[in-house]
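Just one chain is shown here, as structure tokens, and it is the form predicted alone.
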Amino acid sequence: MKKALLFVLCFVMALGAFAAVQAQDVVEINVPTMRIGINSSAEWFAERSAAFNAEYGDRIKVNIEEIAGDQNLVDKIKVLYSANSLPSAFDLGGYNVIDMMKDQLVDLTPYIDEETRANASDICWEVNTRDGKILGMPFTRQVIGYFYNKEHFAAAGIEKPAETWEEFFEDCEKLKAAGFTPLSMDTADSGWVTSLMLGAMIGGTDEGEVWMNTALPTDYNTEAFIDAATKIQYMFQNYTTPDAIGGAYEHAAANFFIEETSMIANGPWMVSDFYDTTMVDEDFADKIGVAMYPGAVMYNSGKIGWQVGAKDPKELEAAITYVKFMTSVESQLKMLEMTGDTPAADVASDNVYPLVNETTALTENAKHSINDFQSLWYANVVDEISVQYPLLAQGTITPEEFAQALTDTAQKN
């Protein structure tokens, strides 16, 4: 009897020791994300997380920190950077912190084999590279025009989207006369939809296209920028909703969804919301068209991807495995099909909403292809926009003073 008890005891102890070893073999990584709740890619992130756990869960435990709101995540990452404690891996939806944080980000170059490099176009890798070091792993690219309500246009007597900015403002007058508010705009969180319009205005010439594709500009005192800021100020004062000043993207989108506004600048990831009957009427998607910006301008560029901050060798290996999974061609196709976001790789799918393909197809006829401000401008300049936009909108500062404020901020870097 004693021998039997001793055997059982030894077996239990051995089993416990084995379990302890197994537990030690599981490497934990920390991943904060804003892809939760009402975020358009929340479903994608949940699906990919489940797929990763199914394949790697016995070796890698991913501790997800849910942070609601893009800007809140950006702010969190800045705090962690200040404390020299960046998370194992993170992505900010294209927001550029690479230049601010490159001293703490892992150089991914040694981990990019031929198969991984084929997962994105050259332009996507270029946007994620600094001084020959790859600091971000791309998985989507930026393709952005603007959406418009076809019923509003028809009621206002507008036959097709404007080809020039002069025509665009004439159409805004027609929409206003017909009882519609022409534009969704915002100022908070970098004024995303407003700044897309601003950049499209700048990028309508060869010189402006070059400027919009220049990394880390430090001088905003250009004729093209000031002219664009003048137009933006006029839009704020004549063609948008009262809540645009101080409002975030969510407010701009909601106004478009309830058909309070007729146009909104944004990318194809928004299309899935056009079919979400918790936000829009059942036939809403049928009313929506997509267009290039006047001057045949499209946002068509690389986008900053996943970044790695892990320091411990085992944690780093696990983080690289995770990031490669989240940026794989399979993950990119899932992103395209579930959100409409354009893959970094040269892949396509028939299983997407028509407006997604229509948006991508517009790039074939664009005369000017530009990158977006969040990808290329200094992070402190992107933040400063939200400080200055309300002042510009209210006429407290001039377009020239707006340009100087961004210049002063950029030159602090």
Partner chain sequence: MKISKWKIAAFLTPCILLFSLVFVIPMLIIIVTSFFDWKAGGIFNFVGLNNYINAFTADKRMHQAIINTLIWVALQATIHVSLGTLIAYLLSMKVKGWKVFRTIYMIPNVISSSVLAVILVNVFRAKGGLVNGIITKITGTTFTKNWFFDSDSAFITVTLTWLIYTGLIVIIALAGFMSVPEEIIDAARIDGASDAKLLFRIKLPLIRTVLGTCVILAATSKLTEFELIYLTTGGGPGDMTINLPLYLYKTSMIDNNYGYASMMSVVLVLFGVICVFLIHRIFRMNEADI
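Since the structure is predicted, the reported quantities are computational estimates derived from the model, not experimental observations. Between two forms, the rigid core is the largest collection of C-alphas that superpose within 1.5 Å. Positions refer to the first chain, counted from 1.
Just so you know, the form predicted together with the partner chain exists too; it's not on screen, but the next bit is about it.
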{"property": "The partner chain in the model of the complex: contacting segment from 325-333, 106-114, 84-92, 243-251, heavy atom within 4.5 Å", "result": "243-251"}
{"property": "Listed residue that, although the partner chain is not shown, lies within 4.5 Å of it in the model of the complex (heavy atoms), from V387, A361, A68, A50", "result": "V387"}
{"property": "Listed residue that, although the partner chain is not shown, lies within 4.5 Å of it in the model of the complex (heavy atoms), from N380, S349, N39, N357", "result": "N380"}
{"property": "Contact test in the model of the complex: A177 vs the partner chain, heavy atoms, 4.5 Å", "result": "no"}
{"property": "Partner proximity in the model of the complex: L216 to the partner chain, non-hydrogen atom cutoff 4.5 Å", "result": "no"}
{"property": "4.5 angstroms heavy atom contact with the partner chain in the model of the complex for I258", "result": "yes"}
{"property": "Interface membership of M100, the partner chain in the model of the complex, 4.5 Å heavy atom rule", "result": "yes"}
{"property": "The partner chain in the model of the complex: contacted by all of I64, T277 and V280, heavy atom 4.5 Å", "result": "no"}
{"property": "Within 385-413, the residues that have a heavy atom no more than 4.5 Å from the partner chain in the model of the complex", "result": "V387, Q388, P390, L391, Q394, T396, K412"}
{"property": "Post core alignment: M100 C-alpha displaced by 2 Å or more between the shown form and the other one", "result": "yes"}
{"property": "Threshold 2 Å Cα movement between the shown form and the other one for Q71, core superposed", "result": "yes"}
